[in-house]
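One chain follows as structure tokens, the form predicted alone.
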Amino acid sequence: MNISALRGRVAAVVMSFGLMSAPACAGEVRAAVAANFTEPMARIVELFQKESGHTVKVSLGSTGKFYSQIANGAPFDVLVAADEKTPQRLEAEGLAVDGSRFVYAMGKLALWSAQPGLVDAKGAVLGKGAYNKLAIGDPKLVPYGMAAKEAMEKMSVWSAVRGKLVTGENITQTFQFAATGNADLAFVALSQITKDGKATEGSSWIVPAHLYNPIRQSAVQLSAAKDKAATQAFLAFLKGGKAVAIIRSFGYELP
């Protein structure tokens, strides 16, 4: 074998080895995430980034506002919504990828107060009126706010409490109203007052599921996603066992 041929073979072997040993190209996922899922998402993103090498940029807010932003061209790759209706609507309008939508968690509604003993085991405090302000998410924007309205209508207290309502533009703001004392009570996501399967301070009542329509929190890949491989990897991780364990630890159920 002549020197030129030998050099060519060595170069080919080196190039081949370099291709095999090179790390996978890291990508970026821009995720619009419903505010009720703040804490679980932080843990899921941390694990995903460590295992995949991809990065995730999370924007938190209300599902209703995210719909408007996406419809107006906001640069998101995935929507992790607090309902099923919004991802379905995005699919129907060609703004989300058909077949990519799935339910990642079943949300639970809770009535909560920072004051120990204020909320009783049946939510009867709502009808007694022994409070000044009640916070709920805006039913037009926040799925948990709509669920709160549905529950109070079925309990026949909606008309009585309307004069005491303070409305949050997302569920985090709704929680903060009660946490800071600007409202005595708040309808919040159970995940906001649950950590590692245990309830936090204050007093609370888990609203029976029959009082509101199921909160089928769904995720979907958006049609405008730039890094499709990273986005699909992230959604696959959200379905996986490690993410599911985190989701359950915050009081959610799985479909």
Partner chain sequence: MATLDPSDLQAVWLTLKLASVTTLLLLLIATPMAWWLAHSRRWYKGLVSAVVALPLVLPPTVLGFYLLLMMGPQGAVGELTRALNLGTLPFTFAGLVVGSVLFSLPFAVQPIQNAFESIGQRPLEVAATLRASAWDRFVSVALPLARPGFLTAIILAFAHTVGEFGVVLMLGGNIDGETRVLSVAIYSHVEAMEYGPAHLLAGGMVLFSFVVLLGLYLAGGKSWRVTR
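Numbering follows the first chain given and starts at 1. Just so we're clear, the structure is a prediction, and the values are computed from it rather than from any experiment.
From this point on, the text means the form predicted in complex with its partner chain, which you will not see here.
- Not one of His54, Asp77 and Ala96 comes within 4.5 Å of its partner chain in the predicted bound form, counting any heavy atom.
- Met155 falls outside the set of residues with a heavy atom inside 4.5 Å of its partner chain in the predicted bound form.
- Among residues of the shown chain, Ala151 is not one whose heavy atoms approach its partner chain to within 4.5 Å in the predicted bound form.
- Contact annotation: Lys140 falls within 4.5 Å of its partner chain in the predicted bound form, judged by heavy atom distances.
- Although the partner is absent from this view, Glu91 stays clear of its partner chain in the predicted bound form, with no non-hydrogen atom inside 4.5 angstroms.
- Of the residues given (Ser68, Thr200, Ser223, Gln49), Ser68 alone sits with a heavy atom within 4.5 Å of its partner chain in the predicted bound form.
- Of the stretches 171-179, 143-151, 100-108, 123-131, only 171-179 has residues with a heavy atom within 4.5 Å of its partner chain in the predicted bound form.
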